[in-house]
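Okay, here we've got a single chain as structure tokens, the form predicted alone, with questions on binding and movement later.
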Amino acid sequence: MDLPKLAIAALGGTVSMQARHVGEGVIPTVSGETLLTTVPELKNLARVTVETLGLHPSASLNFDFLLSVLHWANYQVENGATGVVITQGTDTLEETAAFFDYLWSHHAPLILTGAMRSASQVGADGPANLLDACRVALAQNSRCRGVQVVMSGQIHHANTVRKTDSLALQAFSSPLVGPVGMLVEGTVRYLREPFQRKLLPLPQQTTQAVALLESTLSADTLLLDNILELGYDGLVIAGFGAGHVSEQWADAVETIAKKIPVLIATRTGSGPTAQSSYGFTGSEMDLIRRGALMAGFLCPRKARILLWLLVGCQRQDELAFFLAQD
């Protein structure tokens, strides 16, 4: 039987971490090739190629590096890969997934996974997550679904998944909507049909800077007052509740929004921003009048990624289109 081709890239993260000496903290040391030996079942599922593109904690990944990973993934599909799997650290997994999903134009699935327990811990979850991710990447019903995250037997779409616990094994969820699918006895089962995604071309520039600030009780405006002078090309605010800020911040937002895009998300972790519920100074209605846009269901971190990509494509005027709920 001619097995399908599967490409795996390792970027580092907890899934690749071990301690060099007893009592020391774990660091990325395990290559993708070594990780592959922990899932011998894969040889019966696919012809696997694996490359170690980096051994980084995911907090140290950046957009330029991710664009190089995307180039690698595109090449794999163009050369016959049925699907692509990327392993990385979980700290920024939700952001990486969103970044790739706006740029991934193939029908073939791109699947991200990682681990909450290091490779040297008893009960390490990396091998099981990798095997599940590979099964999802190879499944015919995974096609045309864009980028997905597979962790703990669940499948989450890139635009909804969030890391919602710092250390728990079951650290990932999709607030409000839940996972799009799961693995049942090794079989990929989806709970919803795929939807039409909004895609962007590769950014023409990568030097743009988008700030992310969180509104907090009695916060000063020092950073806001200097956003333009500091050279930022966009601003995302993680606002109170349904997308609110203080009166002082509202005045600053009005000034900033005349020069660069300002996007207001909610810091709550679940639920959308409002559009027409509150009318006080600093409310969503007031901020919209002052030139800001509301992020809707998009979390602040993913909102920053979207704005960064739009500015890089010189398409920031299309921000409202990408935020619209179909």
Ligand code: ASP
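Each residue number is its position in the shown sequence, starting from 1. Model, not experiment: these values are computed from the prediction.
This next part talks about the form predicted together with ligand ASP, which is not shown.
Note on the interface: of 53-61, 274-282, 260-268, 296-304, the segment with non-hydrogen atoms within 4.5 angstroms of ligand ASP in the model of the complex is 53-61.
Out of the listed residues Ile111, Val245, Leu235, Ala115, Ala115 is the one that sits within 4.5 Å of ligand ASP in the model of the complex by at least one heavy atom. Though ligand ASP is absent from this view, in the model of the complex it lies within 4.5 Å of a heavy atom of just one residue from Gly89, Pro203, Gly181, Gly126, which is Gly89. Residue contact with ligand ASP in the model of the complex: Ala9 places no heavy atom within 4.5 Å of it. Using a 4.5 Å cutoff between non-hydrogen atoms, Arg145 does not count as a contact of ligand ASP in the model of the complex. At the 4.5 Å threshold, heavy atoms of Arg135 stay clear of ligand ASP in the model of the complex, well away from it.
Contact check for Lys163: a heavy atom falls within 4.5 Å of ligand ASP in the model of the complex.
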